[in-house]
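One chain follows as structure tokens, the form predicted on its own.
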């Protein structure tokens, strides 16, 4: 009989979001009359920017004739999209990132997992707690951890707590680590990292020959012009960091699928015998072997994000969701909840009422207010006692959800 990858058996009972879906489906079946408002999974709800839609329609028209038809594209992404990304997202902010250091993909969730393909299994790994579950689960699946303890933390991972006591700031580990996952603006807490804070991490990584995997999927939601959008705004980061970006939230591409990963050509790793190897070459080889690239039509849509009309439309989209976040913050704060986040990210992180666990508060809101959120404990041990609400929904639903919650 074929053998399975037994590392999957180390995973907790279920990935967070499928477990939410299971509970919601069970409730809906038992209460078919209930009108649910979903502020749990961070999926966008507003239409794609018109500029992106038009660009994709034009691309479809091109595909109708032989002169405009496109088959397999470059696995790394079309040059015109990579050049637009480099110019607008990095060079415009003073980052020394070139187009050929950008790899277009179908999602930063995929890339943050697949990056492990080019990294050794003996690296000491650090993650924040709470944390986006994919970082942890992908390491478990690939055999880089031991079993989970009773608290749900895995042997072989170093956990960096994020909480109200430390201002949700990731503190440097006491012992050297090799691989560091950082996400700012943070999912799930909504916290941001200052330039000074990121500089501490870059200095740490360079001093300890460590690699930072920096998830900047929510950078478009930063409202303070003084806050960095990219780790590559920090001196020395080209020698110690990989950055993941996505069009999912800033341009509504969750169902369209387009993202990219930035790997500087100066970034080095080492073999078991100490030979230095550049990570760009390894990732390029990995993508060329295991990935056929994002469709021409979708990449034309992503390119339109950087047009004048596309920039205005995506800014309007981001502003809409941030206004939703502001409403959630204001209403819940006025109702006596302790609230964090929601100022530079589309997520609001709240303390569950005393005496209720994260999942108990989830069930309470589901059953009493018919509102779906995300229990903080699903993001890690340090998330217990907290709860995440997403600003991704219509204005009408957000306002109605707040009225339902504060009525109890």
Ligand code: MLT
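Predicted, not measured: the structure shown is a model, and the values here were computed from it. Positions refer to the first chain, counted from 1.
The same protein has a further form, the form predicted in complex with this ligand, not shown here; the description that follows concerns it.
Three-residue candidate spot 10, 136 and 159; no residue lies within 4.5 angstroms of this ligand in the model of the complex by any non-hydrogen atom. Of the candidate stretches 358-366, 57-65, 41-49, 28-36, only 41-49 has residues with heavy atoms within 4.5 Å of this ligand in the model of the complex. Taking the partner from elsewhere, residue 249 is found to have a heavy atom lying within 4.5 Å of this ligand in the model of the complex. This ligand in the model of the complex comes within 4.5 Å of no heavy atom belonging to residue 340. Of the heavy atoms in residue 187, some are within 4.5 Å of this ligand in the model of the complex.
Heavy atoms of residue 109 reach within 4.5 Å of this ligand in the model of the complex, making it an interface residue. This chain appears without its partner; in the model of the complex, the one residue of 132, 232, 221, 103 with a heavy atom within 4.5 Å of this ligand is 132. Contacts between stretch 313-350 and this ligand, counted in the model of the complex as any heavy atom lying within 4.5 Å, involve 347 alone.
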